[in-house]
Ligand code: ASP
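Before any questions on binding or motion, here is one chain by itself as structure tokens, the form predicted on its own.
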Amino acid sequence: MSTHAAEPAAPAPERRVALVIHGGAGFVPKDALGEEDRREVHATLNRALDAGYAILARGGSALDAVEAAVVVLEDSPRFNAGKGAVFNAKGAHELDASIMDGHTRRAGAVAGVTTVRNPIRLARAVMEHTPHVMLAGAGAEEFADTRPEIRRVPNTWFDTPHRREQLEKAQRAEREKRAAVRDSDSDMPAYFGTVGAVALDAQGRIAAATSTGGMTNKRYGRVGDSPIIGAGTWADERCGVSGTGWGEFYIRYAVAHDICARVAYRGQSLQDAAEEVVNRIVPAAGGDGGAIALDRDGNIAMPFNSGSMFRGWIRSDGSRGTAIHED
């Protein structure tokens, strides 16, 4: 676990705020990350926390905060979103993202975009500048051309050597009929690295956002849970969630919404609701992964059943940290 070095304090908000982020759930053995890699992961998580919390501390919206945090993670090659997105089976990148404002239940999402540098920005543009919730593929990119704030890049801009190596390993394993879903050499789930954020602002509003490159070696056109409202992302007036895991199971069990529904209808605590869905229901169905969740009282839950989950938090009392494994 890492704590952030002391910096000049941001202006204290009138009401307590909170922020929680993730860089994906999966199995990363402790000895698989070198010290330099570990430092860089923690530093990037802290940069994302700083970006989001600076907005919250000056009284800005939870929606702005989650977008800002996710953009930092999308721009890092360390995570499976934006610059570090995995390759599909055709050797290209298809990106998904969604964002939701819990106070109004407005939401926006994009699926299968290939030339948008920051899909989370386009998802928000869909929410704010169209009557729709989701746009996909060529239609989403055509809409991106109408928004001057959306930056387009060649699909190869998302390439990284590490992701290319993952694809080659996955395809070798598939040819040898060993494993189509998992990287057989490392046992790292093929969906590892999805990013997300959930924030509570000084007005008591909650927002959530999620962005991903999907699964290594996925079929062309495959869409997972990240852009699906209620599956990978959810926010309402009580609760917000961003998920990370085997997307097909998160879709089937409406994981993000189910966590918040248990808070609303069962009266469960956020921690109990998140633990039950992520660590009991999803594994029982055959899936794995994790989630970050935040409620209107500033409580944070970060359950995962996959061995590790890159995550960071700033609680309503101002305490903060980042972590990768259980400790």
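Numbers for residues come from their place in the sequence shown, where the first is 1. Values in this document were obtained by computation on a predicted structure and should not be read as measured data.
A second form of this protein, the form predicted together with the named molecule, is not displayed here; the remarks below concern that form.
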query: Interface membership of R222, the named molecule in the predicted complex, 4.5 Å heavy atom rule; finding: yes
query: Partner contact for T194 in the predicted complex: the named molecule, 4.5 angstroms, heavy atom; finding: yes
query: G214: touches the named molecule in the predicted complex, heavy atom cutoff 4.5 angstroms; finding: yes
query: Partner proximity in the predicted complex: N80 to the named molecule, non-hydrogen atom cutoff 4.5 Å; finding: yes
query: Which of 225-233, 164-172, 108-116, 126-134 sits within 4.5 Å of the named molecule in the predicted complex, heavy atom basis; finding: 225-233
query: Partner contacts in the predicted complex for 229-256 (non-hydrogen atom within 4.5 angstroms of the named molecule); finding: T244, G245, W246, G247
